[in-house]
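This document starts with one chain, in the form predicted on its own, laid out as structure tokens.
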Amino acid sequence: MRRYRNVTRISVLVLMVFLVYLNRYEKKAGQLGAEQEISDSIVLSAMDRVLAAENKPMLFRGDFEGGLWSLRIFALSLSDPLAFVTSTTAARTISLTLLLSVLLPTVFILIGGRFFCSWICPYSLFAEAGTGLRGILRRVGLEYFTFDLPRPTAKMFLALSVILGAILAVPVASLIYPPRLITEGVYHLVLTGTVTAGVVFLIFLWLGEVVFSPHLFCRRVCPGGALFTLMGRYRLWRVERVDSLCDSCALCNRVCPDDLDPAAGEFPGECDNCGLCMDVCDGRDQHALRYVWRWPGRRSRKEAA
């Protein structure tokens, strides 16, 4: 599953960069005297060759905008549920437009739980790379700290950020939320060539995880992950253990980035359906872990028998 997740997360990053370039091209294509700037850019000139050949330089103006925090595709607007929570509490009023934009993402979370964290969020790609780097450093004899926080910490951070946001009228949770920071960082890097403070924060966060504790932010701090955990507790798409095929090797526990206990069939709301436990199990030809579509707590007829 790691290979497929890498494809989806890299594709998300590429798409984010492409959307920024597309909007930049459309703005430049509509300006007099911007031909030289378009020709000086490899990406913009490539877009110009494709779009200008169709004689439709303004083909997509306004139809594709945004990123992981908020996105518009033609008439469809999508927003991160955390954007709705933080904006609503900070503004102390409900925006109908924002509410409608989170309905579809909410449905997906109710179905797949925290799948966004492992299948879409680009920061999880870097976090897993940090885990791999930490393993390489350990093999060459460089040992670092192992630090962790209690499991409920992320929910506490979420509650605290919501309360502070309501008091200060500022969407506090969004200030440390990787998807929003990455979206903002890509936008500024492409348009102005500058690195935002949010990107610098993510770099130091990543280095801190390599030194102190892999995947710590996603597991114990991320307000979005905490919100998705609460929303996806009764998700329909989940990992399940087949008791008759499990030999209790517990290798799945070692690879679980969320510090859960797949060997005991423990897949609470914190499980992000990453499938790493399935990979290690299938690698031993046990196939004791699998994805299923089922109401939580309900077992298949075969297992019940």
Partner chain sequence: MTKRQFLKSLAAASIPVLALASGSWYSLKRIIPGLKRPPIRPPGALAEAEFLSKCIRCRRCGQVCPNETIKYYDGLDPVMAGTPYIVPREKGCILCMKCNNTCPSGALQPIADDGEEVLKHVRMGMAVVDRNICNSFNGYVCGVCVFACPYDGLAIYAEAWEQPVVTDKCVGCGLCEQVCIHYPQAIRVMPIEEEAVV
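It should be emphasised that the depicted structure is a prediction, and the values quoted were computed from it without experimental measurement. Residue numbers count along the first chain shown, from 1.
Although not depicted, the form predicted in complex with the partner chain is the subject of the following passage.
Trainee: Can you pick out, from 205, 216, 90, 125, the residue that has a heavy atom within 4.5 Å of the partner chain in the model of the complex?
Mentor: Contact residue from the list: 90.
Trainee: Within 4.5 Å, heavy atoms only, which of 110, 169, 211, 133 is in contact with the partner chain in the model of the complex?
Mentor: None of the others qualify; the residue that does is 169.
Trainee: 23, 176 and 187: each with a heavy atom within 4.5 Å of the partner chain in the model of the complex?
Mentor: The answer is yes; 23, 176 and 187 each reach the partner chain.
Trainee: If contact means any heavy atom within 4.5 Å, which of 71 to 79, 137 to 145, 231 to 239, 117 to 125 contacts the partner chain in the model of the complex?
Mentor: Comparing against the partner chain in the model of the complex, the contact stretch is 71 to 79.
Trainee: Taking the shortest heavy atom distance, is residue 37 within 4.5 Å of the partner chain in the model of the complex?
Mentor: Because no heavy atom of residue 37 falls inside 4.5 Å of the partner chain in the model of the complex, the answer is no.
Trainee: Using heavy atoms and a 4.5 Å limit, would one call residue 66 a contact residue for the partner chain in the model of the complex?
Mentor: Residue 66 belongs to the contact set for the partner chain.
Trainee: Answer yes if any heavy atom of residue 153 is within 4.5 Å of a heavy atom of the partner chain in the model of the complex; otherwise answer no.
Mentor: Yes - in the model of the complex, heavy atoms of residue 153 and the partner chain come within 4.5 Å of each other.
Trainee: Should residue 31 be counted as a contact of the partner chain in the model of the complex, where contact means heavy atoms within 4.5 Å?
Mentor: Yes, residue 31 sits close enough to the partner chain in the model of the complex that at least one of its heavy atoms falls within 4.5 Å.
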